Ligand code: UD1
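Let's start with one chain on its own, the form predicted on its own, as structure tokens.
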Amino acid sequence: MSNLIIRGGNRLNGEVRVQGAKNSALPILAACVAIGGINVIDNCPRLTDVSATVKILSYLGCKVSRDGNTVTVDSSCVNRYDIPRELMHEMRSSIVFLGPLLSRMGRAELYTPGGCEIGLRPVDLHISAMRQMGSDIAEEYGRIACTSEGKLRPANISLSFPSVGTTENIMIAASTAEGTTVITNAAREPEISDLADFLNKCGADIKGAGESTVVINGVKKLHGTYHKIIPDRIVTATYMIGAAVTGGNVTLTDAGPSHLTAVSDIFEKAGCKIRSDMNSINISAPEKLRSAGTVRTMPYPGFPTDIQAPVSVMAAVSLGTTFIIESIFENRFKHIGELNRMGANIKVDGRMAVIEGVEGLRGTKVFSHDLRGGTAMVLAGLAAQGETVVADTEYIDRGCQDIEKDLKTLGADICKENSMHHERQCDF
């Protein structure tokens, strides 16, 4: 277990490169199971969730190696179709192995996934989609056993909710199904387009990814390829909020500005100036932020639920009242109590948080209950006076690569401490 120690009050200034997208890396690595060749995945972030995915790949028989930010997966020797409960429970997105295993092995045995406790993420949509594609599925005590006779069959699948994971599972499974599969009300996130780009490089025939209707024409076989992961838009927005709450001026390179339209609008309402080109974003913050009004999380291209917790820190130190409505997950306000302990004035009513801006926050010891709530605590520590201790950073390490090093590059006083031995890796 580790803690992050932050001495707040420093403005973030300078330039830092954005890591590859976690939410692209995980499904693309899982999709390698379906391909049966050698895939070289570049710009793959060093995260505990990626490590958990690699464990599953290795268990299934893949040969996996890493050189810096490049991960090479040889899936020619896949020889298992089951994933143990303990591996499934290491991350919430492990259900994305369902489609690849059915495509490659015709069978899959796995368990309901674990990870951050941010609310229900039911597997019903995944199971329904695979059943429509001809798989027989039995469920008992969290165990999911799936079999298909021969190749999966094509289907017209209409999703009741634009689920990212379900869209990914269908695209992977349908890539080698016999015929044409159509997904309506598909997820539109940039990570969906990134997965489709990867699969198409492997020989798949996917059209419409990133739109609400996706058409997959099944092919006989896929082959290995090279692919570079897109930038992580959530980490980009998190560092932009760090600049905003400290009154700083930060340039983010390899940032993918086109994926951040809804987020950029919030910053501009708060009084920040945003300048961008094809690959970088510069944000310059005012002395005092203004309220962004009402922020409602929505599926892409709406405001991302993964930025809801970090943006609440920005609202906490802004002039006026901000309303945040969480429409995706029902249990994503766990960070609010920790922010209030730092001096914020936030009231929660169901799925809405009413945030009255305060003059400033004060440092104290806080806890990260999930990945995005943990990064919110780090941002609050940057904005606060005094020392903030963010305890148990294991959740943060699941999605942010070397966050303390990036923030230190931008001028933050931050370090990591081993909470068992109280060994600080810092200068103060």
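Position 1 is the first residue in the sequence shown; the rest follow in order. Just so we're clear, the structure is a prediction, and the values are computed from it rather than from any experiment.
Missing here is the form predicted together with the named molecule; even so, the following discussion is about that form.
Can any non-hydrogen atom of Ser318 be found within 4.5 angstroms of the named molecule in the predicted bound form? The answer is no: Ser318 has no heavy atom within 4.5 Å of the named molecule.
Heavy atom of Asn23 within 4.5 Å of the named molecule in the predicted bound form: Asn23: contacts the named molecule in the predicted bound form.
Evaluate Phe329 for contact with the named molecule in the predicted bound form, applying a 4.5 angstroms cut-off between non-hydrogen atoms, and reply yes or no. Flag for Phe329 set to yes.
At the 4.5 Å heavy atom threshold, is Thr305 in contact with the named molecule in the predicted bound form? So Thr305 counts as contacting the named molecule.
Please identify, from 140-148, 123-131, 262-270, 285-293, the stretch that has a heavy atom within 4.5 Å of the named molecule in the predicted bound form. Going by heavy atoms within 4.5 Å, the stretch is 123-131.
Heavy atom within 4.5 Å of the named molecule in the predicted bound form - residue from Thr251, Thr225, Ser163, Ser193: None of the others qualify; the residue that does is Ser163.
Given that the named molecule is left out here, which of Asn185, Ser280, Ser93, Ser135 has a heavy atom within 4.5 Å of it in the predicted bound form? Among Asn185, Ser280, Ser93, Ser135, a heavy atom within 4.5 Å of the named molecule in the predicted bound form occurs only for Ser93.
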